[in-house]
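Take a look at this single chain in structure tokens; it is the form predicted on its own.
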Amino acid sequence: MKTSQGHLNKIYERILDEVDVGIHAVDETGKTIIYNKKMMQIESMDLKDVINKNLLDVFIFKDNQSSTLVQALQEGRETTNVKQTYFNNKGREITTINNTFPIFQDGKIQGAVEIAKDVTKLERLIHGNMNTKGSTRYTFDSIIGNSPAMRDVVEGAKRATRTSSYVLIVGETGTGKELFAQSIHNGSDRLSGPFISQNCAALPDNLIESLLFGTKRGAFTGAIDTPGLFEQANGGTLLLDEINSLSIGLQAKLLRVLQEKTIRRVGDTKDIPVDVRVLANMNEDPIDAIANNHMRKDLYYRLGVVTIFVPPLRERKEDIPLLVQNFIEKYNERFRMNVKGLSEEVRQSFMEYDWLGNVRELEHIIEAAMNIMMEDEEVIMYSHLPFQYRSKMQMKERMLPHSTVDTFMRENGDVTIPLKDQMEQFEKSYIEIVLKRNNSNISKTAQLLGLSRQSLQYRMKKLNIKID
């Protein structure tokens, strides 16, 4: 029985898709002609995104690296067991170990083929454990967001890595404050030192004091010589989370440590010098915290040498698609699913939602939805979303002030104006009204609008709102 060429091609294609290595071949122009299923998995790409397209139009390689496939094509060079790190069309980093061969015909290079093994997870694990004294895994590359608000904050945080000044990170719960703190530590010259984090609201003051400063034997019943977190973090970074939950008395002791750079263990009379960079988080606007006696003004001035305001998700909604894709990829890998994205209804509802729980709430909703989905479903539908989320959206729709919008449209609206411009016009008018009613008091206006003072000032600048 004679086997047809078409039948042989199907056999070859099946074999290529069943082998447990990635196979990527290009012709003499660099255009992809073979791209097997394993390679799609390694690079998180669809066949249509790569096949018949030039390699360098799809993938991005680091400045000091060039594609091993391109090297084989241009130089006829064969490489074996070469590690290569590059980025797919979504900006996701990929690391592979490659064997690459040029393809010759009649003495001329007609193409090249690459056989790749995925070591992305191993590479991340190695880098994640390089700081044996610390427990950090986030860097600035981990921060997702291209909105102007987020770019400004990231740039400010990066500048803070150059010095050892104290940093105060302000933001609502779920905005990613610790992610910024770890990124600052990992970007500084204290990277090789310890990174220690302590939630100040988790324990009562008497235990927090012992935990921070340590104890001397005999200070109280059962007390032994124990170093505190400041001593343990010596040469590195100490993150104090929810610092506004500390009592005013303990804040005074903390201020002394920050000023003198020495600690005194509970029950001791000897001062111990420490070299620690302190980062502090709080979920309350510092001005409000001082006014409400939640924070000493002098501690704020000492800690807030560099103050970073992390914007809430509702003020950077243009980042939602990026965040959603990141969480889908994360839980695809964890749940062994192949979810592609959101339905248009879900996407629209996400852009309308207020996100009081911020990025953390968005991640929880994606995770919950993917738990409900069937294994073969590829799109998150509205019915997959958690009941609590759908209930909140229904409540919001019932409470929508249609009469207010109708009045605004009659007085100011032009139905030919794009929605984004119309919303900005409405937002500007509303902020100006509230400012006027509060005699241009920014703190009071921000409180009534449910914004931080810095967030309101950012929006005023963006909308060109000036105070008389």
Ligand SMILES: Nc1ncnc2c1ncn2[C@@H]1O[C@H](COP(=O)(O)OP(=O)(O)OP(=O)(O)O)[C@@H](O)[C@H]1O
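These numbers come from a predicted model, not from an experiment. Note that residue numbering begins at 1 and tracks the sequence as displayed.
FYI, the form predicted together with the named molecule isn't displayed, but the following is about it.
Quiz item: Within a 4.5 Å heavy atom cut-off, is K177 in contact with the named molecule in the predicted bound form?
Solution: The answer is yes: K177 has a heavy atom within 4.5 Å of the named molecule.
Practice problem: Consider Y138 of the chain shown here, and say whether it contacts the named molecule in the predicted bound form, taking contact as heavy atoms within 4.5 Å. | Solution: Because a heavy atom of Y138 falls inside 4.5 Å of the named molecule in the predicted bound form, the answer is yes.
Quiz item: According to a 4.5 angstroms non-hydrogen atom cut-off, is L323 in contact with the named molecule in the predicted bound form?
Solution: So L323 counts as contacting the named molecule.
Quiz item: With a 4.5 Å heavy atom cut-off, would you call M150 a contact of the named molecule in the predicted bound form?
Solution: It does: once the named molecule is placed as it appears in the predicted bound form, M150 has a heavy atom within 4.5 Å of it.
Quiz item: in the predicted bound form, which of 295-303, 155-163, 86-94, 142-150 comes within 4.5 Å of the named molecule (heavy atoms)?
Solution: Careful reading of the contacts points to 142-150.
Exercise. Work out which of D275, E363, D271, E377 lies within 4.5 Å of the named molecule in the predicted bound form, going by heavy atoms.
Key: Answer to the contact question: E363.
Quiz prompt | Among the candidates W355, F195, F213, F327, the residue which, in the predicted bound form, approaches the named molecule to within 4.5 Å (heavy atoms) | solution = The residue in contact is F327.
Exercise. Could you list the residues in 154-173 that come within 4.5 Å of the named molecule in the predicted bound form, counting only heavy atoms and keeping sequence order?
Key: Result: E172, T173.
Self-check item: Note on R92-N186 C-alpha separation in the predicted bound form, which departs from the shown form by 3 angstroms or more
Solution: More distant in the predicted bound form, by 3 Å or more.
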